[in-house]
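The chain below stands alone and is given as structure tokens, in the form predicted alone.
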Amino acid sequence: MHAHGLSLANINKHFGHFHALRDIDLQINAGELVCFLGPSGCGKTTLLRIIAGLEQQDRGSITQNGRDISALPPRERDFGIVFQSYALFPNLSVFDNVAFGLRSLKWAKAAIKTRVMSLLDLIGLADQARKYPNQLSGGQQQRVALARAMAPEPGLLLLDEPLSALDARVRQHLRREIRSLQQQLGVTTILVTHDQEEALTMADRVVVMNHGVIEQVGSPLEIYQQPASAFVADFVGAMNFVDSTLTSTQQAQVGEQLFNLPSPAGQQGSALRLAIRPEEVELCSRSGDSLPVVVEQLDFLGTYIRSHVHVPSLNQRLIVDIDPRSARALNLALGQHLGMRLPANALRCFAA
């Protein structure tokens, strides 16, 4: 295994009768930023706490850098952790907060100064070294917490919803900073979040969790373009779902329309859920090869317009994202009757 790689095998955890984690197998490579993504209660924070040794698994093993750490207490595991609440020491200066772990490890005074100042320089806070946490903004405090976790050069960095307490603009800025810092230092990192945008913009790989199981592991692009389940399709990004019936292994009926499918999807007559991203749906003038729709709502979102259209033949509303130029060409307006096409190569098929 790679240096500082992490391997989880058959991790299970119960809280009373509640099965919080079920048969979790995962390999995290050295230098990778992996994101645990999922709704509240899906088990992602429990899994992070088990990796840190703050919670004990009922079954399964954890190996870090070829060493079994499954039963070790937190202090004997090689990680730094950053919580949502920052957890800085209010009575210590920025410098002393970052130096705290190094002093516990009995680093030499000169080595501590060099390490702390180089990290503060890296996070752009070298000039704030003598200030106290309450004199800093939320974003600055979070950067100090990050530097403190990274100071002892841990083999693994654990980030538990580190940006959720910050406002949107600061959060966006810090995402880029954390990612660039992680890449510069090459530290293997696990980030826990329920924010899909955070996961898609920061991670090398995303682990999508639901009800204590892993639904899919893949790059942000794979997760978005090739969701492995209807849950992943629905949770990551916006998705339209349409019920249909297979008329042959590669053809489905939606309302009165027949659609060719990109690959065989099951037995003739079986029910199917077709899924398509809003930006892949095409609005057009009404024609024989399109489904009739009525425009019910328009939201201008800068680079695109999100239209909510009603499809009478399906008695269903779908979301269509359209660029402003195409909207002008169609004279897009509320109450307008248009046609809609679902390109075959953009359809994903899931069991009903």
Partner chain sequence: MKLTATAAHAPFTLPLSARQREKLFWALLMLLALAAFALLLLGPLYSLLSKSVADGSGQFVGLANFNAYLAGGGIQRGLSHSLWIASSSMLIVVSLAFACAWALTRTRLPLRGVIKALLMLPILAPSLLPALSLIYLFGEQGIFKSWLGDTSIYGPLGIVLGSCFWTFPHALMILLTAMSHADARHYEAADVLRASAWRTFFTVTLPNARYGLVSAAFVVFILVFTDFGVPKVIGGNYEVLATDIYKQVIGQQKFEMGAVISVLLLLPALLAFVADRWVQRRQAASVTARAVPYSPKTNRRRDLTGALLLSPVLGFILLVVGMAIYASLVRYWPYNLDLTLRNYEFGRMDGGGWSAYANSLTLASLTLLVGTSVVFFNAWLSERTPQPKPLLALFQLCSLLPLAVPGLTLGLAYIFFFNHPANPLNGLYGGMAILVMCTVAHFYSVAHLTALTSLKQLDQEFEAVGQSLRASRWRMLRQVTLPLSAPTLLDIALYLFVNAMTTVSAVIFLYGPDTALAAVAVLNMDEAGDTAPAAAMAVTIMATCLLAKGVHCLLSLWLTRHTQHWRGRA
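Here the structure is a predicted model, which means the values were calculated and not measured. Positions refer to the first chain, counted from 1.
FYI, the form predicted in complex with the partner chain isn't displayed, but the following is about it.
Enquirer: Since the chain is shown here on its own, which stretch among 83-91, 185-193, 234-242, 200-208 would lie within 4.5 Å of the partner chain in the model of the complex, judged by heavy atoms?
Expert: Looking at the partner contacts, the answer comes out as 83-91.
Enquirer: Taking the partner chain as it sits in the model of the complex, is Gly124 in contact with it (heavy atom to heavy atom, 4.5 Å or less)?
Expert: No, Gly124 is distant from the partner.
Enquirer: Would Glu76 sit within 4.5 Å of the partner chain in the model of the complex, counting heavy atoms only?
Expert: The answer is yes: Glu76 has a heavy atom within 4.5 Å of the partner chain.
Enquirer: Although the partner isn't part of this model, could you tell me whether Arg103 comes within 4.5 Å of the partner chain in the model of the complex, counting any heavy atom of the residue?
Expert: Answer yes; at least one heavy atom of Arg103 falls within 4.5 Å of the partner chain in the model of the complex.
Enquirer: Evaluate Arg148 for contact with the partner chain in the model of the complex, applying a 4.5 angstroms cut-off between non-hydrogen atoms, and reply yes or no.
Expert: The answer is yes: Arg148 has a heavy atom within 4.5 Å of the partner chain.
Enquirer: Which residue among Gly255, Pro152, Pro278, Gly218 has a heavy atom within 4.5 angstroms of the partner chain in the model of the complex?
Expert: If I apply the 4.5 Å criterion carefully, the residue I get is Pro152.
Enquirer: Could you work out which of Ser313, Ser61, Ser285, Ser326 is the residue within 4.5 angstroms of the partner chain in the model of the complex, going by heavy atoms?
Expert: None of the other options qualify; the answer is Ser61.
Enquirer: Going through 126-143, which residues have a heavy atom within 4.5 Å of the partner chain in the model of the complex? Please give them in sequence order.
Expert: Tyr132, Asn134, Gln135 sit within 4.5 Å of the partner.
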